[in-house]
Each structure stands twice: as structure tokens, then as C-alpha cells.
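For this one, two forms of the same chain are given in C-alpha cells, first as structure 1 and then as structure 2.
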Structure 1
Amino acid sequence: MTRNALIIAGLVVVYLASYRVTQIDFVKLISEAPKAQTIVRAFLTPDLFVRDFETTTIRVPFPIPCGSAPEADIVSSGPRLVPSVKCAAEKDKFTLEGFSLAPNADIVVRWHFPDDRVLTAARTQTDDKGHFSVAVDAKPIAKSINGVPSQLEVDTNTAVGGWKASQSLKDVMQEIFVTIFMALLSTSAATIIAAPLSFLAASNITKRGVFGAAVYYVTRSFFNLIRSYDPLVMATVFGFWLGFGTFPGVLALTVVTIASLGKLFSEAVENIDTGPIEALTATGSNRLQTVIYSVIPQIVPDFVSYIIYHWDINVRISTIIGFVGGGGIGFYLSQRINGFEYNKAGTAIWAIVIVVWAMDFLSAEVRKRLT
């Protein structure tokens, strides 16, 4: 009775302490929501495709005073400038509108005099649709000379050519392949080391006599020892040792995978049917022949399925390892986030999501077929 009360009191203290140290703040969770919105929006609009832009200058002749020069023809489509009046007397005011220009862009409206000098007439911004409207003075300095009118002009960016992959999409593609290959390489290297070792760590193969038992326990302990280290810790250690980059990342993944595969492999070896081993030994085949003909066919499907599964896992882990300098897409992502380039980070995040999903699907499909 008192014991239960003590346990409950103890739990209450522990949870109160955890509440304090984790600085739980639900008010902030709600009040700071707009910040999350910004970054989520950036992530949801990844930087994927771009078009090349060309700066073009759009002009419209504007006679001052009226009749001093020919009036402009009215254009009704494409990027264009449209004054509210076709001409004006000196010091008159009118409105200039621009259509189909680059959206959300800064606009400088200039007078372009007949003698080719220019003068800023107004500054404004285009809206979402590339439209602006601004008041302009018909300055005396802009009057026509010898029947040639001054012109109103703005610079605008117009897209040329089709959409193409943005630089960050290209970088992300490259880095995601680096990550996939990091995972492939470390899984392969780990397989080459873990497969033979797993036989030594399988009790039905090794544990015979004192020497066999010693080999069995040494390999088992080796696997358990390296299994107890986290990939992140490994990556940090190798990173300090070799300088950060993909190579220490691959090494860290390899070591962790050796432990994990070694354990799974040795369990697969331990679970084989020993009947065929007995049968082949009885035919007079030697030990190696017996292993090749009776053990290998039994373990290959399990081994292949574990290898693919670990390749899949290693793609995820190497993404995380990248954050501590292990190279690949993780490193790219951490760099973009540190540089506040959230759209580019979004590109990386999407790539990771797609690749992780694809690997997951692939490994499940392959494993389904291996029975």
C-alpha cells in the first residue's frame, strides 16, 4: 500500500521534473504558429524549375504638348505601357499603367528624351499579375523636339525558352545519388565482412569444442559491442578522424551495418534445417561442398532480403549522418537550412521523401518475392 503510494509519488516527481526541463510552452506553440507557416510554405514550394529571363525595355511615345509629334498606336496585348491620355500639355498630370510585366517586380518609369538622355519619372511595383498604375507629370523638359516625342519606358524581365531544372534541383539530384551510393557502398562493404563472420557467430556451425565456443563468443561480443554505438556517434568520430565528408559517413554506416547484418545473418544461419547437412555429409562430400550445397541455398533469400532492407535503412541514416557532416543530401539540407534558403531546403526534403518512399517500396517488393 505505502509502496504503491511511494511509486506514484515518485512518478509524479519525475514527470513534473521532465515537464520543467523540457520547457513545455503550449502558448508559444499557438502564438508562434505563423513562423511555422512561413517555413512550411517554403518547404511546400520547393525550388524545382526556372526559366531564363531577358531584360527588355518597353516604350510608349508621349507627345508634349499635344500635336507636337505623332501619337502612339494603342497596343492591347503583351507587355505594354498605356497612358491614360495619348498626349498632354506641359505640367499636366496623367496615369500610366503597365500590363503583363514581370509580377511582383520593382518598376522604374523613365522619360527617354529625343536626345537619348533619360530621367526617372516614377517608381512603383507590379502586382501578382504584372500590372502597375502610377501618376506621372508631363514635365516641360520632356517636350517634343522637332516633331520627335519623348518616350516613357520601363525595364521588365521576360521569360525566354521553356522551364528547366533549377540549380538547386540539379544539386539535390546529385546529392541524393551520393546518399544512395553511400548507402549502397556501406551496405555492400558490411555484407562482405558480416557474411563470413556470421557463420562464426552461429552456434550450429561454430560452437564445437573449446576453440569453437571461443570463436563463437568473440564474434558475438564483437557484434554486440559495435551495435551499442549509434551511427551518429560513429559518424562524428570518423568525421574528426578523417575530416568531414562522404568517406567518414560511409565508414560509420559500414561499421554499424556490420553489427546489425552480422547478428541477423547469424540468426538466419542458426535457423537452417540441419537435415540436408547431415544428408550431404553422409554422401561423403567435404565440409565446403556441404556448406555450398546445403547451407547456402537455405540462407540466400534471407541474406538478400536483409541486405536490401539495410540499404533502405542506410539511405535514411546517411541522410541524418549528413547533418553532422557526413556528406550527401543530409549535408546539403543542413547547409540550406543554416543559410535560410528554405525553398532549396524544400527541394531536398521532397527528394528525401520520394527516395525513402521508393526504397521502402522496392525493398518490400523484392522481399515479398524472396520466399
Structure 2
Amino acid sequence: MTRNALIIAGLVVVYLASYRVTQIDFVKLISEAPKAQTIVRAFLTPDLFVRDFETTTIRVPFPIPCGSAPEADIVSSGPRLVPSVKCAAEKDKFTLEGFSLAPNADIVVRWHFPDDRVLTAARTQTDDKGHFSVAVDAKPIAKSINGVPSQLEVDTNTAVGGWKASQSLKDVMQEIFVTIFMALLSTSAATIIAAPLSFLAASNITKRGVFGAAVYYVTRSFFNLIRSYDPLVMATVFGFWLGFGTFPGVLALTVVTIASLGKLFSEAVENIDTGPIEALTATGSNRLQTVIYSVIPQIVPDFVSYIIYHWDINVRISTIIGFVGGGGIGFYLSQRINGFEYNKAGTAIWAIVIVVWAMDFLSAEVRKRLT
């Protein structure tokens, strides 16, 4: 009873220390929720399709003071600006309305002076019908010069043509294929190296005699040593060595995959049925013949399954190592996040989700058919 109480007390102390060391702050988690909502909303609305827009500037002359220049003839249809008065004295206030403009658009109202200088007068937004109304000051700086009035102007964007793939979507498609090919090359290269090494790390094949035991332990130690390094660490090392890009990323994935596949392959070799081996040995077959005719036929399904599964894993890992300059979609994603371009980052995230889902489905189907 006392022992159990001490164990529980020890666990409580450990978890309390963990809570303090990790600086968990649930209050901040709640208080910063609006910021998270903005980011999540941007991720859920990826930049996929765009339309070309033609920018048109709409102007209306506005004499200051009255009588200093001709007044504007206000049109009654189409995109237009309509001031509440056709002229005003200096420092007077009036209302400017816009009609038939782009709906739900940000609008910048500017003074365009006779000497071509420009000054922002107000900022507003159109409603769903393309209308806005804003109060404007008749600034003394905007008074008429030599009978030429200043003009109030806004830019309007009119959609031209249909929807098309955004530049972000094009970039993401290119980088996601780079990521897939990075994973493919690294997995293939690692398989070529790990497959023969796995036989050296299989106790039922190599661990015979002093020399065989030495080879077995050296190979196993090599696999364990390489597996202890995270792909991010390897990508950083190769990045400082060769410069950041896809090639260091492929090398980092290859090295880590050699160790991982080597361990999986060796365990598959150790779990084979020993019956065929004993039968071939009894007939006088040598070690190489035994491996070719009794071991390889048994391990091929497992090897293929592990290779496809690791390709799936490497697609996800290559996304992560992109954050340290390993190339591919991960590097693109890190750039967009660092630039606060969350909609474009959302495009990359959704592409990663789709590819990972497809790779997982493919690897599961292949493993199902091989087992």
C-alpha cells in the first residue's frame, strides 16, 4: 500500500514538474483564439482559382470653392460617383456616393489635384450591390487652379474572362511533384543499399561463428546509429554541406531510410520459415544458393510492402524537411507561412493532405494484395 502511494506521489510530482517546465498556459490558449480563427479561416479558404480584372478609374470634377471651375454633369447610370453637392467651400463636408461598382470591394477615394498630385480622401467598402457612401472634407489643398477643378476618383476592378488556376495552385502542383519524386528517389536508393545489408543484419543468415557474429553486430549497430538521427538533423547537415535545396533533402531522406528499411528487411528475413533453408542445406546447396532459392521468395512480399509504405512515409517527411531548406512543398509552405500568406499556405496544406491520403490508400491496397 505504501509502495503504491509513493509511486502515485512520484507520478504527481513528475507531471507537475512537466506542467511547469513546458509552460502550459490554457488562459493564453483561450485569449489568443481570435488570432487562431483568422489563421484557420485562411487555411480553409485556399488560393485555388482567380480571375483577371481590368482596373478602371472613375472621376468626378469637384470645384472648391464654388464658381472656381465648371461643375460636373452627373450621369444617371453605370459605374459612377455622385457627390451630395456639385461644389463646396473650403473645409465644408459633403457626402460622396458610388453606384454600380464592384460588390464587397475595398474602395480608396482620392483627390486628384490639377497638378497631378494625388491624396487619399477616404477608405470604405462597397456593399453587395456595389454601393458606398462616405463623408469627405473639401480640403483647401484641393481648390481649383486657373479654372481647373480637382477631381474625386476611385479605381474599380471589372472581371475579365473566366476562372483559371491561380499562380499559387500552379506553384503548389509543381512543388508537390518535386516532393513525390524526392521521396521516390530516396526510397529507391535506400532500398538498393538496405536490401543487401539487411541479410548481414539477420541473425539466422549471418550470425554464425566469430566473423559472422561480428558482421551481424556491426551492421545492426550501423542501422541503430543512423536511425537515431532525425531527418531534420540530417537535412540540416547536408544543407550546410551542399547548400539548401532538393538534393540535400534527397540525401537526408536516403540516409535515414537506409537504416529504417534495413531494420525492417532484416526482421523480415529473420521471420522466414526455416523449412526450405534446411531442405536446401541438406541437399548440399551453398549459402548463396540457399538465400536465392529459399529466402528471397519468402521475403519479396514483405520487402515490397515495406518499400511502398516507406515511400508514403518519406512523402510526409520530405514535407517536414522542407522547413529547413530541404526543397519541395515543405519549403514552399514555410515561405508562405513566414510571409503571412495563409491562403497560399492553405493551398499547400490541402495538396499535402490529398497526396498523403492517396499514398496511404495506394500503399494499403498494395499491401493487401501482397498478403
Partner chain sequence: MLRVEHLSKTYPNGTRALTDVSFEVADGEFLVVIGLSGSGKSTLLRCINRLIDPTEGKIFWDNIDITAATPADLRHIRRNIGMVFQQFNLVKRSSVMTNVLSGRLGYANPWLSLLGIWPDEDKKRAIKALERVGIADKAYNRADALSGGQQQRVGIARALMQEPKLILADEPVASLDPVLSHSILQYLEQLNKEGITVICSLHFLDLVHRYATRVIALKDGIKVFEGSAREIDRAKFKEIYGEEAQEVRATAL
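Superpose the two forms; the largest set of C-alphas matching within 1.5 Å is the rigid core. Quick caveat: nothing in here was measured; it's all calculated off a predicted structure. All residue numbers here follow the sequence of structure 1, with the first residue given the number 1.
Remark: structure 2 matches the stated condition (the form predicted alone). Taking the rigid core as fixed, one finds a CA shift for Phe323 smaller than 2 Å between structure 1 and structure 2.
Val353 shows a C-alpha shift below 2 Å between structure 1 and structure 2 [criterion: core-superposed Cα displacement of 2 Å]. For Phe244, the Cα coordinates differ by under 2 angstroms between structure 1 and structure 2 after the core has been superposed.
After superposition on the rigid core, the Cα atom of Asp128 is displaced by 3.3 Å between structure 1 and structure 2.
Superposed on the core, the two forms differ at Ala88, whose C-alpha moves 17.6 Å between structure 1 and structure 2.
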